[in-house]
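The data below hold one chain only, encoded as structure tokens and taken in the form predicted on its own.
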């Protein structure tokens, strides 16, 4: 139990504990002037190897694996633990100050794309791959792409935060979000019992998006011993799908992507 009492109107504390506490503020916008590097390749990706970040490096490597021209990218490291995401140049690409953020320099005018699902969709449409053209099949892919967008905050910001990052263990919060994480894992396992990929017979951007979170969790590679805590081995269909995607050469390269420093 906690002795915290809700005030009538919330005010930000002077400081917060925990790994990310010092970065949190109740306001948006840039905090310092910044000049991000810009390379010579068609796409400039500013990111980090988080689950949301690897979605995009995996996507680019899948495009390259397919031999598609024009899918080259420069990759720059945004050290979110040090606050790089609050620099002026990064905020100009993503005003929400979250990785990944992408600049498409292949056309007449630069195009900014932010939010990992939006980047996957943008690239799939631009290169006409990993997203069905058939309306019904495309809708099913988008169902699952946006399922991941809505579900993962409960996994990362909910379960992951209170299991791994919070400065103290709060029983109610851990039970609340572990329950939801298990429900999501069970949902995926039941769906994958009837089909090879999450949206049907073909590998798509929905698999990339979901695997980056739930596949890595199923391998116990997100937070130390979280997979053990959630007993991920009890989901055989999810495990099989996880290993099938993990074996893809482009996925291996996407996970091992070499970031250039922005400093």
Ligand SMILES: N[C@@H](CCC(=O)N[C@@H](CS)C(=O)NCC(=O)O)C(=O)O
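From a predicted model like this one, the values you see are computed outputs, not experimental measurements. Residue numbers count along the first chain shown, from 1.
Another form exists, predicted together with the named molecule; not displayed. Remarks below refer to it.
Asks: Thinking of the named molecule in the predicted bound form, which stretch from 186-194, 91-99, 160-168, 139-147 has heavy atoms inside 4.5 Å of it?
Replies: Correct option: 91-99.
Asks: Though the named molecule is not shown, can you say which of 174, 151, 80, 121 has a heavy atom within 4.5 Å of it in the predicted bound form?
Replies: Looking at the other structure, the residue within range turns out to be 80.
Asks: Which one, 219, 30, 34, 50, lies within 4.5 Å of the named molecule in the predicted bound form by heavy atoms?
Replies: None of the other options qualify; the answer is 50.
Asks: Against the named molecule in the predicted bound form, would residue 127 count as a contact residue? Criterion: heavy atoms within 4.5 Å.
Replies: Heavy-atom contact with the named molecule at 4.5 Å: absent for residue 127.
Asks: Indicate whether residue 115 is a 4.5 Å heavy atom neighbour of the named molecule in the predicted bound form.
Replies: It does: once the named molecule is placed as it appears in the predicted bound form, residue 115 has a heavy atom within 4.5 Å of it.
Asks: Do any residues of 56-87 have a non-hydrogen atom within 4.5 angstroms of the named molecule in the predicted bound form? If so, which ones, in sequence order?
Replies: Residues within 4.5 Å: 80, 85, 86.
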